[in-house]
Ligand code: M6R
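Let's start with one chain on its own, the form predicted on its own, as structure tokens.
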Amino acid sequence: MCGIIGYVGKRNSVPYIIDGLKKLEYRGYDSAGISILQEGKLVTVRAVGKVAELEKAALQLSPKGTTGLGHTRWATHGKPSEENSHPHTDCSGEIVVVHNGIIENYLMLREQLISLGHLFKSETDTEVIAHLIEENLKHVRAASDEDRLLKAVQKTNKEISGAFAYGVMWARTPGLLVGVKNQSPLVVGVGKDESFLASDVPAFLQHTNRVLFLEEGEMALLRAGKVTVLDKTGTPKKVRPVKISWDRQTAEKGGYAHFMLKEIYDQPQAIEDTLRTARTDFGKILGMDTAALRALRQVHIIACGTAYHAGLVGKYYLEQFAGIPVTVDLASEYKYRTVPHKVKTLAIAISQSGETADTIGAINKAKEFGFHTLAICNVLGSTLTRVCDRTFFTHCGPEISVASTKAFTSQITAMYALAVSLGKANGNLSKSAFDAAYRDLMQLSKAMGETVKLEYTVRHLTRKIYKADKFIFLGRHVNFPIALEGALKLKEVSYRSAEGFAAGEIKHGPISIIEKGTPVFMLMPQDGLFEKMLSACQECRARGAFVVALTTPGAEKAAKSVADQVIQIPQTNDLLQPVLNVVPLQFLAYWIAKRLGCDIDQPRNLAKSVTVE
């Protein structure tokens, strides 16, 4: 997830672009850049770090021009550096591109373009777009340079694959910007004698509230005060701008009241983007051939907080699919306990930020023992990704709220992909079993899209229970870690007392804390342990608990007989069900915190990354 801003009008574009990038910094902040068309030539300024660093560099060079593009980056291909910062240019230096998303076939295209004599200056997938347009301009014919650029971009769109949105500027077509949308966000702002291209409305909202939301496969041709939108076939279509009534802060959150809520709703796309990487052969990601993968004898998973809960789910996956013994450790404990030095061990560190001090210290210990190391991380270039041998990136984009939501479900998705890939490599999974597991994985984003529709149901429920002084969450097997996560999320943002337990343990002590009206949340999809969960419901309800059953289609009738309220969650396979089951618990934490007037995105005493022990 990156931020794009473009301006074409009658004024100097630089202040508009710098200001727009500041508004988009929540989408990415490891580097930034601008390109301005100044007296027929492109002037590009780029800087590593936040937009403030770019602003300093731009002030020194002081470019001026009425057409420009800017970008703030969240790295997905290539480390954060000036060379990898956008905008990217072609060989001639006359074409610049800014891009949000992933070009899945960029390696193949890069090799083809190199064979044709193109010289690449970065490690990014984005640069491929600039060189492809340059190459295609050589082969298209049109009456004007503007038509040539349009045809070259259309040809390029047919050659690249993935989820992407990008903006293009050509020195030979002053006063024109071209925008392309395919699965990644791109909007157009229509002002008086000026037009804006951006990843999100906040980038230009203070200048115009008239917005065109581009549909999949559409292109936009932006000129000063005039915008032409072309549909998938290249045919101009009639469009009418929508007037936005949001204030700036609300717009930055996509219209949501808080980043946490926005990020819960981001999860279908976050899973989809993570799975684009999951399609890559895991042997290559790990840097291990099939023989080495088959030789693995154990796996250590190391993490903290929410990431630790993702690791607990991953243990079930790896043992089920790959048949490999797995231990899951809190990083703060792993560093100081005695770890047997077994050879052929893979240590997996899970962290959203890649900067958690305890996790980095623990993985350094694993490296000292000679273990293979893998990071599952959301931030390219972070310390953890540099320490580990290899990294599987969860392409969530920045997670602004302290309470992790979309990073958590993407981490579980990554663990599932790793487990089925290892199972295939070491022969523990048959081809048919692998195909079935992988097929379910590819349908997960769609199921998540249905699950986030449960917000209203959960919001209504919280009216009855938000004043309770304690909450209990129960689950079994893969849903036990989700009970832990549900309790943690509620504690983090609402400051309520909450505990998660394995449901089979409730009668071994925890049942003593249940009183009349205590909310108890039962994670009980219709799986092999459903009958056991029905018994746990009866045990809790007999002590006066207010029981909420989270179940799947077909089990509602049985659940209603033992629960005060039933929430029906879309169904996937039993092992992937936790990814969906956690969503109502995220909404629960959010709405209880909101009703209690808590600071949801920045809870007291907490930080996004814990960079000290």
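Not measured: the values here are computed from a predicted model. Residue numbers run from 1 along the displayed sequence.
There is another form of this protein, the form predicted in complex with this ligand, and it is not shown here; the text below is about that form.
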Has each of Cys2, Asp125 and Ser199 got a heavy atom lying within 4.5 angstroms of this ligand in the predicted complex?
no
Within 4.5 angstroms, counting heavy atoms, which one of the listed stretches 400-408, 442-450, 536-544, 136-144 is next to this ligand in the predicted complex?
400-408
At 4.5 Å between heavy atoms, is Gly305 in contact with this ligand in the predicted complex?
yes
Quick one: is Thr72 in contact with this ligand in the predicted complex, heavy atoms, 4.5 Å cut-off?
no
Please check if His99 has a heavy atom lying within 4.5 Å of any heavy atom of this ligand in the predicted complex.
no
At the 4.5 Å heavy atom threshold, is Ser85 in contact with this ligand in the predicted complex?
no
Since exactly one of Asn479, Gln352, Gln267, Thr413 fits, which has a heavy atom within 4.5 Å of this ligand in the predicted complex?
Gln352
So which of Ile324, Ile514, Leu488, Val328 gets a non-hydrogen atom within 4.5 Å of this ligand in the predicted complex?
Leu488
Closer or farther in the predicted complex, the Cα atoms of Trp74 and Phe408, when the shift from this form is 3 Å or more
farther
Given that the distance between the C-alpha atoms of Asp389 and Trp74 changes by 3 Å or more in the predicted complex, do they end up closer or farther than here?
farther
